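Shown next as structure tokens: one chain only, the form predicted alone.
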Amino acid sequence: MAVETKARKFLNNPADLVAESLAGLAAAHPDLLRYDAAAKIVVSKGAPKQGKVALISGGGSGHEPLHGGFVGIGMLDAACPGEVFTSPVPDQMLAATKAVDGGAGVVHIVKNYTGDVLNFKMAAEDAADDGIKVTSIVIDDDVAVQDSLYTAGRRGVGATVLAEKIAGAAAAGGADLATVSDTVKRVNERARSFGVALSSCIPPASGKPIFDLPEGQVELGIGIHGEPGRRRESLGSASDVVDVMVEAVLSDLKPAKGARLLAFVNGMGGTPLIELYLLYHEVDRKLRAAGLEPVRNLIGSYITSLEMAGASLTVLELDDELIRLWDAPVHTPALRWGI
């Protein structure tokens, strides 16, 4: 029977979207990962690796390439995808933990959304009962709101990508469980993020936008689940929008003069690279004008909200060790250098 869709999306049955997408991810990258359809997890090829600390993250789908696109060499060992904008369940997280445990322990990187935090906590407790050493670190880098529809406290957004890469390099280099866990904490403590949107997004199951944004308006302080922001304004120039983003991030992070930074300009799913690079030009210029030194960057759509038009800025204050770990080789479907 044909499935009627309400939105302009490439779908078979909307209920099968996540599973079919993950099967496609595995078919496209068999050298890096496999999709365990029964457990509903994505696992790095060759896992578990004996003596290596393993990294797991996860959350609702709709944020691709987060998290499955970061499974591979030098980053995540497994990912637990839920349905669109819905937390995965503890059984998925426990299955992933068991699949990658090589005896050195497992780190759970958890975005600060209530369902993710509770379910990862239950999975960690169950894993401990099975003799697996697990540490869980919550990412809460979003300065836009203190509490939201999905969280108690700040939301976990762009710093998640940076923590997965940097801690993944530490684990690949042979660091122990305490060191890898501390690396995730350091990234979270030294990073801040702020997002803006020019449109809402349309969850496949509903076929309707989550919120209405009139023509000529920009939503400031949005989340990655299509949540409205802290305020709405008339859309000015790109320079005006970046002023808001940079001020929000720097006023909270308070980096020292001359600090070395990683500036991450992220697309929300529907913004073309030509605009993201324009935004980065403004970000780089304004950071330097503030007496700061962006020595590393990342530009592209890495933590998205389906097809939302918009962007987020994440700034990470670096040190020699974080720079070394960022530069270390990585090979995943969505991020690759040095290999």
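This structure is a prediction, so every number in the text was calculated from the model and none was measured. Numbering starts at 1 and follows the sequence shown.
Omitted here: the form predicted in complex with a further copy of the same chain. The next part is about that form.
In the model of the complex, a further copy of the same chain sits within 4.5 Å of a heavy atom belonging to residue 29. Not displayed here, a further copy of the same chain is approached by residue 9 to within 4.5 Å at the level of heavy atoms in the model of the complex.
In the model of the complex, a further copy of the same chain lies within 4.5 Å of some heavy atom of residue 199. a further copy of the same chain in the model of the complex comes within 4.5 Å of no heavy atom belonging to residue 41. The candidate spot formed by 215, 235 and 279 is fully in contact with a further copy of the same chain in the model of the complex: every one of the three has a heavy atom within 4.5 Å. Look at 71-79, 164-172, 130-138, 207-215: in the model of the complex, residues with non-hydrogen atoms within 4.5 angstroms of a further copy of the same chain sit in 207-215.
Heavy atoms closer than or equal to 4.5 Å to a further copy of the same chain in the model of the complex belong, across 20-39, to the residues 20, 21, 23, 24, 25, 27, 28, 29, ordered by sequence position.
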